[in-house]
Structures are given as structure tokens and as C-alpha cells.
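The chain below stands alone and is given as C-alpha cells, in the form predicted on its own.
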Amino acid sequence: MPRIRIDEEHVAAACTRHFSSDTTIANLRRLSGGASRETWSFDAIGADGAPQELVLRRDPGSSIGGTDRSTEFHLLRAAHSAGVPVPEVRFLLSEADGMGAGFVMERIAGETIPRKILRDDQYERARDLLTSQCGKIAAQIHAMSLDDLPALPVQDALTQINQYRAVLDGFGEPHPAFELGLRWLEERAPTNAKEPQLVHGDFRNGNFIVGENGIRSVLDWELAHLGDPIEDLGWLCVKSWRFGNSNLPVGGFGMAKELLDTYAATSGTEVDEERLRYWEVFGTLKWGVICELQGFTHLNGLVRSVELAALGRRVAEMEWDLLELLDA
């Protein structure tokens, strides 16, 4: 399948079609990151000369895993209506636009690079606010009505454990630490008395747009599903997302007690630290399997990438982190 070219002419035609007015495009550039999905930044200038700062998010071809762009579009629209800080979506690409599957949303200024968020003086005040903001925003996400959501898979702990066990078996390599982790998780899998709730699926430092006053937006909803909402809190606490600040378990900027207290105050749901720890163990194993998958993607020649190769080398690091958690 030929790769669809993204240029100012195609983007301008799509914006003109959906905005119902002649539009020109300026400052079109691809943003870094994403091997299977592309993100483009641009300014759309209407007849009045006023620019709209926008982002195009698209699939260059078919993809495996995660939601499609149509589902992500409807998720973002529902989240925005529910008051969750997310970009406002503008339109979903159509076949006539000739750019594949994707959508256009507003562009929000801020920083997403964790190293800068955790270390730059500019974000010193923000760092004091991030933990409580994460607790409040997570509670907002989990409170969203299922009636307002597009169709999403139900993925409880046992379902996902079986999925990751199957992925591991497909590699044909022994990983005793991961096997131990899968058994540990299976034996302690929580049973949810309540109906499944919306889970963001990738709620972590690196997927937040941060300004000097904290979180401005939550990005990357492609792993959203229905399940145990505490999965999001555990994923936020995985050691890899602390980016060197290992003594601050919540994203490298805060402590678990503040996160859980704020979450409880907003959601009305008390969460004990053992339940949080379960999902942190799960997230650590999940990230380890993903790292191996990324490494094999490079080694098999599907996508040649230094980044993917480097992630493959982190498998041993994830095994170590997992064993430390199990020994706690």
C-alpha cells in the first residue's frame, strides 16, 4: 500500500471541506515520536486571517493494537464534554480528504518532555501541583458515563494477563521473572464488584501537556478500555515513568498517599495501597513485555529504529524492577 503524502495542499483542502470556508495552511511540520501513528502541527488560516492552532493525528496505514482514530476522536469529544482537560477535536478525516484515518484537534501549548517537567525551574510550581491534579483528573476520567463512550473492549486483570502471556509465548525466549510475575498477578487478580469503568490506559508522565500551573491536557487515548480504574493509578506509579526520580513514585513528582487521598476526595472511592501496588506490578510487567515487543519489531526488520532497539535492551531493567516489587 503506497504511503499517503501529507502536505499543505491536502491539509488545506480537508480544512476547507470541514470548516466550509477557504483555508490556507502555514507551519506544517511533523512532531517527533510515534512509529505507527503520526502527529502533525499546523496553523489553519481562514478568510478573516485569524490562525487556528491545530494538530492532525493519523494512521499512515493499518495498525495493530489500540483504538482506531475514529474511536479516539469520539473518546476525546466525550472527555472534553465531561470537563476532562483534553484538546477539543475539530473534525474526523473522511475518505474524500485522501489522508487516511485520522482527525484534527486544537493544539495546546505546553511541555510533554518529562526530563524538562521534572527538572526545569520553569515547572517548579507545577511539580507541587501535579500529584493532586493527577488524582482529580483520573477520578474525572473514571466517572465518565459509559453511555457517552464509543464501543471499547472490556479488559479486566485476568483478560490482560492471558494476553501478555500469549505475547510472551510467541517470542520463544525464556523470561522466568515475567513468568513469576504473571503467576503472582493471576493469583491475586482483583474481582470488581462494580461494573467496569473507563480506563485511559496510558495515564502517565510523558502523556501530559504541562504548563507553569500544572496539567493542561491529557494525551494519547489509544489504549483506552473498560476495566478496573485503579489500573491507571498503578501505571502512573511504574518506575520507568519517574524518569530518574525513583524516590517519588507518582510520575517522579509525588507520593502515593497524596495521589490516593485526592482521588478518594474527588471520586468517593477509597483505594488501599495494596491495590495500587497490584496494578504497579501489572504495569511493570506490561511495560517489560512491550519493550520486548518493540525490540523484536526492530530485530525482525518490520521497523528499523534505534529507539525500538534501545527499548528492547530495557527488558532486563523491567525484570529487575518487577523482582524488586515482588520481593517487597
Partner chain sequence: MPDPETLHDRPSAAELVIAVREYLEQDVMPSTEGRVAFHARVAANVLRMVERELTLAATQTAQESERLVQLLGHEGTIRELTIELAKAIRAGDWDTRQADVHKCVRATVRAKLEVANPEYLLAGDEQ
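No experiment lies behind these values; they were computed from the predicted model shown. Residue numbers count along the first chain shown, from 1.
Below, we turn to the form predicted together with its partner chain, even though it does not appear here.
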{"property": "Its partner chain in the predicted complex: contacting segment from 102 to 110, 195 to 203, 178 to 186, 251 to 259, heavy atom within 4.5 Å", "result": "178 to 186"}
{"property": "Contact of R125 with its partner chain in the predicted complex (heavy atom, 4.5 Å)", "result": "no"}
{"property": "Contact test in the predicted complex: E317 vs its partner chain, heavy atoms, 4.5 Å", "result": "yes"}
{"property": "4.5 angstroms heavy atom contact with its partner chain in the predicted complex for E173", "result": "yes"}
{"property": "Contact flag, E212 vs its partner chain in the predicted complex, heavy atom cut 4.5 Å", "result": "no"}
{"property": "Its partner chain in the predicted complex reached by all of L223, E273 and K286, non-hydrogen atom within 4.5 Å", "result": "no"}
{"property": "Contact assignment for its partner chain in the predicted complex, among T159, S94, S81, S246, heavy atom within 4.5 Å", "result": "S246"}
{"property": "Those residues of 290 to 328 which, in the predicted complex, come within 4.5 Å of its partner chain by heavy atom", "result": "V306, E307, A310, R313, R314, A316, E317, E319, W320, D321, L323, E324, L326, D327"}
